[in-house]
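Presented as structure tokens, the chain that follows is alone, the form predicted on its own.
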């Protein structure tokens, strides 16, 4: 009988927390839980989320699960078994700055891609390193399952500082892509064994084997992507930005029809088209603040006001289930297969070994076992990836060394940036905007 676990959610006030908790409750037979702790430096958000999660637990008959919220790291992490990390250093207000500063210069304004992603990365490194440090002090045997973005950058920073930390870096975007394709074109994703390589938010499927059909369905999916309009799946329904992203996925596939792409590649391959369709005054951050964030505050207020009916209003998606599946695979040695962000070390044989890549991997009681491609990747994908890896490495160097020069090199090399002049203009403005969060660069 598996002991009941203590789970700490770092970034407990996140609007994604209810989805994670619902997935935990739905999988209580595989992940029995004694205690859930919400840790966040934003007390108001954490208090709101505590009310919502407490309501969920009681509504679903899980009164025996102990729930707490705290801003104290010792209380949050001492003796816990799993940490689900989803922190956002600077919150949505700084995400808005990231997006709007880049767009001001006609560059991609996006939270993980382009220079907005680099600004966020410089903030996130400090925040996640602090979390990992707390875990090493108060719960060194605990597993950290990390959703904090930008994943390639923050995982590189953690690897340099805490090389033995028990941490798994994952992104649910590939699951969302697969689910959207399957729903649109009449497949069951549960039958799929996908093969994929790349960097986080920067990769390609090489095959999608369907166990029920007994064949690789990727060629027919490529054909469908180039000829049939695709609508977003239910969990993103009504979100025009996701609809635009999946429409761009068709554009990428039409022009480069050898692989199914990650739709985030639009920011690197077609940055001009992305900027052309962007609203520079009302970005994705504004949509989230006026949507998910406002919705969460309203739910908490309803609970405070004593409402008991029609309180919860969520689109859960795959985000919570994916991280819970990783936890159960570790806990029960299930050796399930996931797309994970890992040091390359030969997984992609002709890419530098110290790159942080996203590839399929098995997860069991001893941790992560990446799957090697065995074959070299093509020069087009390799060239794109090499430039992105170098830019990310330079950014991490800039963080640790306090180097303005390395930061400028990273900004210049980012593939959404046309020249060094605009890279310097954006960097200087972002340094000013991020004085509270970035290390001093000299």
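Residue numbers count along the first chain shown, from 1. Everything numeric here is computed off the predicted structure, so don't read it as measured data.
Although not depicted, the form predicted in complex with a small molecule is the subject of the following passage.
Residue-level contacts in the predicted complex: of 89, 232, 355, 248, one residue has a heavy atom within 4.5 Å of the small molecule, and it is 89. Among 147, 204, 143, 338, the residue placing a heavy atom within 4.5 Å of the small molecule in the predicted complex is 147. Proximity of residue 41 to the small molecule in the predicted complex falls within the 4.5 Å heavy atom cutoff.
In the predicted complex, the small molecule sits within 4.5 Å of a heavy atom belonging to residue 171. The small molecule is not shown here, and in the predicted complex it never comes within 4.5 Å of any heavy atom of residue 259.
The small molecule in the predicted complex is approached by residue 127, whose closest heavy atom lies within 4.5 angstroms of it. Within 4.5 Å of the small molecule in the predicted complex, a heavy atom is found for all three of 120, 151 and 293. Here the chain stands alone, but in the predicted complex its contact with the small molecule, taken as any heavy atom within 4.5 Å, falls in 129-137 among 297-305, 182-190, 219-227, 129-137.
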